[in-house]
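As structure tokens, one chain now follows by itself in the form predicted on its own.
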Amino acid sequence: MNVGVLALQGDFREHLIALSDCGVSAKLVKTPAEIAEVDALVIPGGESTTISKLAKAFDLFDLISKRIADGLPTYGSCAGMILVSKSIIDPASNQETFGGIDMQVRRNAFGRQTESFEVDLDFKGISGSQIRGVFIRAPWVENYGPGVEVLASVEVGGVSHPVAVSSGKVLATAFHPELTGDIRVHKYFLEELCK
């Protein structure tokens, strides 16, 4: 399997390392030709508005949207979660998404950079110890459609908010597993969604 990591902005190198540690062929992609030939795509954390604008500037936006719509296995973390959503609450000016999961997300839902945090999460489908969630200006899922499976949630003020979801061939996490050295979320993506 040839997995591409979108390398426009963000922590794409950390995803590349995690995928390599999973034993798959992974490469950084940022041209239409490179994106056209991958079997799966990872959209990293970073600035969702910047990634969206760069995807348009490099003539990638429509191609990525179409490939996801056509069933390309895709994993988005943090900003990537925002970009694979159907819509955004309080989007930046003219911000668009690639789509892929019937959900609405709230950007910076947990607060600003100074309110970043880590927490251990139960992740449906991953056994063993809990997954360490690193949340940096992270989104959460505000609402979602019937085809979306919630894999992990965080409780804030007595309300449970989904922070890991999947639908069809698309996985999204509000947190950054690529920053922990724990490759189980990447393995889950490869083994469960890239079949």
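Note that residue numbering begins at 1 and tracks the sequence as displayed. Everything numeric in this text was worked out from a predicted model, so none of it was measured.
Quick note: we don't show the form predicted together with a small molecule, though the next part is all about it.
- Candidate site formed by 46, 107 and 176: every one of these residues places a non-hydrogen atom within 4.5 angstroms of the small molecule in the predicted bound form.
- Contact with the small molecule, judged by heavy atoms within 4.5 Å in the predicted bound form, is confined among 129-137, 23-31, 59-67, 160-168 to 129-137.
- Within this chain, residue 78 lines the site of the small molecule in the predicted bound form, having a heavy atom no more than 4.5 Å away.
- Mapping the unseen interface onto this chain, residue 84 falls outside it, with no heavy atom inside 4.5 Å of the small molecule in the predicted bound form.
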